[in-house]
Each structure stands twice: as structure tokens, then as C-alpha cells.
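Have a look below at one chain only, the form predicted alone, in C-alpha cells format.
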């Protein structure tokens, strides 16, 4: 465990300080540290990018006002709870899922969004901009109401995303190393009881047995994996493969890749079998909603399914958590006509 925490600290040192290393030396050290933690080495054709740091920003030859806006984006990203009750209605920060302030590979680093969007997104069936992608996170992962498109908050967040992508070409022609939450192969069988045991042994110490997480004042220390303080049924991480990928690559904190593939999937299955606020796309009927969004999303979640331990149909309710609305007006279709 000491070695793992040392390696995590070393990644932090590489990510958060430019140091005296050459670019090639920095990349080599970065990759070596990741492989020591059990992550795969990049394949020959993959794009490896080490995002610039906030320290790098201070030395960058960009306008002081742009620096100020990027800092504001970083502040909003790492302390999104400052928007609680306005744009955020649970105890999540952006960095709850995108760890390391959105820089960490295999934890859905955010810089790829800045160079791969606009692009088609199957979840909503149309081409999405970077702002719209961020709005989706507020809508689903924050169970909230996104800042207005073009607002100071949204510009700051997009500026921070773009800063982290400094030096990467738009629409890169190589696969991106460490993108998303890559999941291990799914085992033949998943177990609720094994997942519950694994959660209580490995996760509850931080996230609580009841899944409520831990907050101190208005700061999220450990986010809630389910319940009213968590993401809603439309959030990407309710999909089993996304949850399993996040858990395998990032949890327990400071011990990535320490769980077996079976443990990661079982814990994901257990967490994804707990209740949370309603999907903002809810039609008023859980079966109808699952049928409508099953092909593009819920075929990978437990939404609308029967929980084996008590016969409860998951998502069969009108609870919207801490907010007093179901769907913000930013969730809409586009035709480009």
C-alpha cells in the first residue's frame, strides 16, 4: 500500500509541477509510474498527453484575463458545491468522478472533450458541443440545472477544459491513452451479495454503509454513490460497465487496480442496484422510459429492473432528490434545420 500511495504522489508530482525534466523524460516517467500502478502501457499508435498544470498556467504566455478565467474554471471544477442549490442539487463535484482535477488518466480526464467535440453522441442522438457535454454532467451527474450556455461559468469551465488540452490537435487521428473509465472484461456472473460484502469491506469507510458519502460544511470529501445526494438515473456512471471501470481503475482511493475484476463488477452491480433520483428523461412510467432509452443507455443499467433481494423495481418513483423539478430546459433535441 505504501508503494501505491508513493506512486500516486509521483503521478501528482508529474501532473502538477513541470519540473526540470525534458518532455520525453517526463512522458517516460509518467508512463512508468502508471504501469507500476497496474495500468497498461500505451500502445504504439496511442496519443499520450500530459495536461499542463495550474503552475504551468502562471508561466504561460497568455493574456492575464484568460489566466483568470481558466483559474475560475478550475475553481468551479474542483469545488462545484459552491453552486449547490443553483446548478448542483447533490453532493458531487466535477472532480468526484474526474479525479486529479480532471487530469488523471483512466479516470475520464476531461481534456479529450475539448479536442473531440463537437461530435455525435448516442445518448441524446445528435451532435454535441463542449458546452452541451458539460451541461449533461450538470443535468445527470449533478442532478442539477446547467449554467446558461455562454454564461461566465460555462465559459470558465470550457476554458479550463481547453487549457488542459494545450498542444493537442483537434480531432486527433490516434486513440487517446487513458481516456474514459475503461472496464475490465465482464465476468460470467455478477453477485449482489458479494458486491454488498465488497462494498462494506472496501468502500463504506469513505462512502458510508448507507451510501451517503461524507461532506464537511459545503465541501465534498467523499461523494455519495447512491441516494438523494448522488447522481440520478440518467448519469453515465449508473451503467454497469462505466461503474466497474471507475472502481477498477480508481478505487479504493490510493489503491488503483487493487481489486480483482470480479470484485469491481460485483461492487458496481451492488451500487447500481440502489435507488437514486429519477432520470430527467422520465416519461412518467419507468417501463416506458427504459424502453425508450434502453437501446442507447439503459440496456447497460439496472434502471427498471427488479432488485433480487426485495423484489423492488428500481427507478419506479417520482423522487427528484433535492431539486423541485425533473428536467431542466437544457435537455432538448436538435435538428440543425
Partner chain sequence: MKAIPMILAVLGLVAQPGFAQPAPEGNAERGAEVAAQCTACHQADGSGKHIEDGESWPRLAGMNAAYLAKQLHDFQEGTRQNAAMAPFANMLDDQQIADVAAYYSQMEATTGQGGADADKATLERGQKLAERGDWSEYIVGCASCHGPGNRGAGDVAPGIAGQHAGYIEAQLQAWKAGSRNNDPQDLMGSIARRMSDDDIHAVAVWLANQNAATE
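Keep in mind it's a predicted model, so treat the numbers as computed, not measured. Residue numbers count along the first chain shown, from 1.
FYI, the form predicted in complex with its partner chain isn't displayed, but the following is about it.
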Which pick from 28, 308, 55, 65 sits with a heavy atom within 4.5 Å of its partner chain in the predicted bound form? 55
Residue (of 104, 130, 237, 224) lying close to its partner chain in the predicted bound form, criterion heavy atoms within 4.5 Å: 104
If we take heavy atoms and a 4.5 Å cut-off, which stretch out of 208-216, 135-143, 183-191, 227-235 is in contact with its partner chain in the predicted bound form? 208-216
All of 74, 99 and 202 with a heavy atom within 4.5 Å of its partner chain in the predicted bound form: yes
Under a 4.5 Å heavy atom criterion, is residue 249 part of the interface with its partner chain in the predicted bound form? yes
Given that its partner chain is not shown alongside this chain, does residue 254 nevertheless sit within 4.5 Å of it in the predicted bound form, heavy atom to heavy atom? yes
At 4.5 Å between heavy atoms, is residue 37 in contact with its partner chain in the predicted bound form? yes
Looking at the partner-bound form in the predicted bound form, is residue 273 within 4.5 Å of its partner chain by any heavy atom? no
